[in-house]
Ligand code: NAD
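Single chain ahead, written as structure tokens, the form predicted on its own.
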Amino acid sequence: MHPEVASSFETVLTKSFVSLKNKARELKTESSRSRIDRLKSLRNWILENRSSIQEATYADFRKHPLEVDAIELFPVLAEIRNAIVNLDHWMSPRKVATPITMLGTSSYIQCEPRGVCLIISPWNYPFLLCVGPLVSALAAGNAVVLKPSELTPHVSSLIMRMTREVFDPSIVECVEGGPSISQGLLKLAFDHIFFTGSLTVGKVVMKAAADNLASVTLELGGKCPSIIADDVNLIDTAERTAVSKFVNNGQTCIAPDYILIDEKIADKFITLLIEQTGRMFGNNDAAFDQSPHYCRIVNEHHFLRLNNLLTEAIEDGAKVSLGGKVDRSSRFIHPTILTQVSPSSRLMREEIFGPILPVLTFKSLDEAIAIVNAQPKPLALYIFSRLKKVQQRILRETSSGGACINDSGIHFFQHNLPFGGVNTSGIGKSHGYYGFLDFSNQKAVLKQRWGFTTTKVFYPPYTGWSSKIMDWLFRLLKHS
């Protein structure tokens, strides 16, 4: 960005930020009805502009309209409905128990808005992962700045139009642009930053937030494993793996990044996985090329990254069981299944984020768990087994942001579950009540009565009576 343009942008942005800050003080005192009305306006706009959202997403990805409905729009509308139905309850003070040393007091937790929040959203699900967090931020009573991804310009432009048509600019502002715009935003003293994207950029966001001591929610990703035991329903497992991996051309942060399967059933599973992938997206190269159900890689940069990963893996000895075909002109990579992948290959060290699926075998569950634990903690982990003891052992001996048993990815759509990562796969939780809490300050409130209180035991001067009371309290704690 030219220095003069950058200076002008920062001036405009600073003025807008001041307006948001001032409005945020008003929003703290508004009723649930005002928040609900705002959410209803957002819902109505989405429903009225359903076809426009489908068209914008197709222009950026060639994504099928029903896929946009199912994965981009329906979850957002479900989040809005959940917030509208439950907001009065969420906003109500939550009473907490009173310990014996605090007899006579009453305590509760009161949620209040954090203030002005920044939402930086990614390109892979450009509407869902921008507007979903917005729902939680508005439910919690915040003013918000949206920064949609510049890599999906049609959806970004549509989100800009949405904010202008639905919201007062002092409550929700949308800022379009590339990395320099994000850098300018991160210099401002936001009260909370919600970022979805890569680990590398997540670290930049967290460092910037530290300068203003802003809280953060980071939804990052990582290498999500799928562990398949030898007792599964193979057809169901293959079908669920195919859809979760290859929908959106594999550009999903919770897609299975690699498969770990018992060697006794590996060959049969791969055969069924190929069949199920063909049934969904096309059973030969020409069918894949023409399929309206299979979208494209978002841009040439990501296409080249994936193509290099694939080429290097094959050069390292990986065998292609399905796919391997690419077309740079249309940013098209066929669904690809690889076996005999080297554990030291870049494909097994980096998050793939595309339609390439390495299948590794194991002789024992110990071996599978060791492979998972050798990687950074993933955003999601998938367990396929009929046996509860196998399910519980994997859950107990591994760590991940979330887990799903006998399916892949669908836990994201359960808005009564918290969604988020752990360590390198993310910080904080979103969705439903947990998203409301993430955008709220949980203020602790204690109310004391007048006159004698049990806390006076701790006041000086310290007498023999005080000592006896303290000894009794220590004995109580020891034997509880």
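Sequential numbering from 1, following the sequence displayed. All values reported here derive from a predicted model rather than from experimental measurement.
Missing here is the form predicted in complex with nicotinamide-adenine-dinucleotide (NAD); even so, the following discussion is about that form.
Visitor: Among 154 to 162, 358 to 366, 135 to 143, 220 to 228, mark the stretch whose residues have heavy atoms within 4.5 Å of nicotinamide-adenine-dinucleotide (NAD) in the predicted complex.
Guide: Every other range fails; the passing one is 220 to 228.
Visitor: For L129, is any heavy atom within 4.5 Å of nicotinamide-adenine-dinucleotide (NAD) in the predicted complex, or not?
Guide: Yes, L129 is a contact residue.
Visitor: Taking nicotinamide-adenine-dinucleotide (NAD) as it sits in the predicted complex, is Y294 in contact with it (heavy atom to heavy atom, 4.5 Å or less)?
Guide: Outside the cut-off, so no.
Visitor: Can you tell me if S92 lies within 4.5 angstroms of nicotinamide-adenine-dinucleotide (NAD) in the predicted complex, counting non-hydrogen atoms only?
Guide: Looking in the predicted complex, residue contacts with nicotinamide-adenine-dinucleotide (NAD) do not include S92, since no heavy atom lies within 4.5 Å.
Visitor: Hey, in the predicted complex, is G317 touching nicotinamide-adenine-dinucleotide (NAD), heavy atoms inside 4.5 Å?
Guide: Answer no; every heavy atom of G317 is more than 4.5 Å from nicotinamide-adenine-dinucleotide (NAD) in the predicted complex.
Visitor: Taking 4.5 Å between heavy atoms as the contact cutoff, choose which of G282, P376, G324, G177 touches nicotinamide-adenine-dinucleotide (NAD) in the predicted complex.
Guide: Comparing distances to nicotinamide-adenine-dinucleotide (NAD) in the predicted complex, the residue within 4.5 Å is G177.
Visitor: Which residue among Y258, F269, F353, F167 has a heavy atom within 4.5 angstroms of nicotinamide-adenine-dinucleotide (NAD) in the predicted complex?
Guide: Selected option: F353.
Visitor: Even though the chain is shown alone, can you say which residues of 137 to 156 have a heavy atom within 4.5 Å of nicotinamide-adenine-dinucleotide (NAD) in the predicted complex?
Guide: Residues within 4.5 Å: K147, P148, S149, E150.
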